[in-house]
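We give structure tokens for two forms of one protein chain below, kept apart as structure 1 and structure 2.
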Structure 1
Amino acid sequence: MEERRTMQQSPPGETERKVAVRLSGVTKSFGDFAAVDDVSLDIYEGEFFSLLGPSGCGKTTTLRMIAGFEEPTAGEISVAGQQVQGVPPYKRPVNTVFQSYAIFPHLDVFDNVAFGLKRAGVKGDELRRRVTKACGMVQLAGYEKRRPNMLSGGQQQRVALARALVNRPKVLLLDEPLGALDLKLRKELQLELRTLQEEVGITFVYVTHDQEEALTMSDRIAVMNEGKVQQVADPATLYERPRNRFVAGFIGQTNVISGKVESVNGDRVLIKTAAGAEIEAIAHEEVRVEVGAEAHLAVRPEKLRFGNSGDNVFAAEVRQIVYLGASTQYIMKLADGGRLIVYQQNAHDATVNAAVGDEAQVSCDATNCLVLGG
């Protein structure tokens, strides 16, 4: 029998980076309900950091506590090395961009962007220079005299971004800022936001429930569920090495197969399903594994292939075929009644000829079967 203890390690080099935002044991309760439950996070300077999770997971409440719109019930929050509990939002070195834009309809683009600067006493040439530069950064040069009702949704969101950036905050907080836009525009602005963040070098903390959006834009992502942080990692690690069943199921699509641990040999684990199939999988060091215990493993649909050339072979019946353009999705029924999803790329040399009702074999390598934590 072999055990591996759960632990979270920082990627190489992160311990030397300067922290922009630190949450230490932060809890936010509303009566008996803990919306955020004992969250500790370090967000680094110049990082694009996303809070990702389903509705009600606590991500927006976490952002609002950093902004100062909510105060934590317990724990501490610091921004740029300074404790901010009790500090009002307008005195914190942060600005927030909301999904609803929150720009002033009676002011033109210039005056919307200049609003915060004027309140801070910036005037004359310095005001004009900074507003013009901010508009240029978000591709609104030449739009300074337009009113919001003359702008598209994407342009209005750019105004909100410029107004937040012109004040040179240490941290920019973004609460699902692209949620009201159509899919094509969202994808365009995702890339623009990422490029903008790299150019200005400001720490971005981004809230979203969209997994693809978070994977596309982020340096690191904190996946949240029921008020707790489930895993913090870069996008590739979250996808390829999810820590538990929630992360595996929430980040992309995956097949989860359950069984009992038959043996452990280093990082190789043999799992036997209720139907008697034996599957070889990999258990990384942060996952606890015990012989005889129930275990769950994940394999991504694109890691499976038709045929019996892999370490693990599954016999299954094709129940549904869905053409997705670049790939085709096959939904298979296993002998024990379980479901297996397989993606196959629609390449020039594709040779899959399976039809609904066919019996087929699909296989995968043990290195693509990952034992999950609890």
Structure 2
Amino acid sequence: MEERRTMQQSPPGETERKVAVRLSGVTKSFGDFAAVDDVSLDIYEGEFFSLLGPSGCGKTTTLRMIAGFEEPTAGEISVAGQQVQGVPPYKRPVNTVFQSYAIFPHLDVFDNVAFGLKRAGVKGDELRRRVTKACGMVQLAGYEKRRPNMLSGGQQQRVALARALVNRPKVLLLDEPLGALDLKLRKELQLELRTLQEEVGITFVYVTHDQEEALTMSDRIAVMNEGKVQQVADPATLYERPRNRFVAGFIGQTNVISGKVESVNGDRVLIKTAAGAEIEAIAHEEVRVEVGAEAHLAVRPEKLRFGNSGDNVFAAEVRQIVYLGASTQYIMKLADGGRLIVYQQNAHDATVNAAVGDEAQVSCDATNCLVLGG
């Protein structure tokens, strides 16, 4: 995963890349409640795209609308250039891997995987060949005669995967497929899925609530909350430049400091906190800053260090120390009562040894203090 393909941000129109799935102003309401609220997304061919968000944010509903199990109340969806409103699932060039696998219990592995092909009229040798290949691809070679009740969770998941992939869909939709597995298996399968996707080259649309999982596997991620898309970007951008408080808080850990804007100088902003501290921060072009207005800053815990060597220095008291093995987490209390979390790697030259109750100085650079949008 070291070499991540650099994805451009989402600006539409400038892509030479083909769009696999396009959602335009899609809304899904149940009575008064909008589960999905005016969502517009472009998902490109060949990318591993994740829909990330907490429970109830609308990510699964969005996926189901692409699959055809729900119809949007408003807006349009197209897959591979074709509008798919009103098109039943069995006519769409997409396949789904369900959270509960939904393997057919009365068919063996071979017949499960072959199901879609048979519906499409594939027979005989070709059928056998493709099914065997699909099983091999998910490391289930030789399991063809097994019945689902004799498979483990992980194996069932692979069957579900093979069953979907064998049909060569234009887009593969995965609805939290690893949710029911234990941690080790999950990590293993995450890597496998990613590798598979790169091999096969199909567009994957992946739904998950686990931000670590999304960061690990995806080319781009759409963070959703309460039916709306909060930000669409590649993992690094999402992490380093969260657009708003929600994204900042959802992806990784972050410290949020609030204050009033004192002055604006290009992309540099000076914020004064209620306690009187002055903090220099960066505001990227999409964030609007007004002198005198309220603003919130985000500083990642690992960007803070002990000492006063940065642009911004905070005086704080060590309240709690959490030892995490490879790193140590310091929970500090600021003069104005606010909280600051500081990560220090336990590197070979780690020296900071503040104890609980100590007064210490913590600092960071202005470039690591981000002004957040609304």
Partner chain sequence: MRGQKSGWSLGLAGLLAPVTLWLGLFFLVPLLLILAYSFGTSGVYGGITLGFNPSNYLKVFDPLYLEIVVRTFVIAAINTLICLLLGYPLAYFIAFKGGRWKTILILMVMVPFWTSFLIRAYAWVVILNGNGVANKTLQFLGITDGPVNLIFTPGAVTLGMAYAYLPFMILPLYAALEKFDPRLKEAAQDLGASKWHTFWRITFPLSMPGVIAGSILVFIPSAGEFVIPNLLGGSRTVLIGNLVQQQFLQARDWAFGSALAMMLAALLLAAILFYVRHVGTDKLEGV
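Just so we're clear, the structure is a prediction, and the values are computed from it rather than from any experiment. Here the rigid core means the biggest group of C-alpha atoms that line up within 1.5 Å when the two forms are laid on top of each other. Residue numbering: sequential along structure 1, first residue numbered 1.
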item	value
Answer for which single form is the form predicted together with the partner chain	2
Residue 252: Cα shift of 2 Å or greater between the two structures (core-aligned)	no
Rigid core superposed: residue 291 CA moves 2 Å or more between the two structures	no
Threshold 2 Å Cα movement between the two structures for residue 236, core superposed	no
Cα displacement of residue 148 between the two structures, core-superposed (Å)	2.3
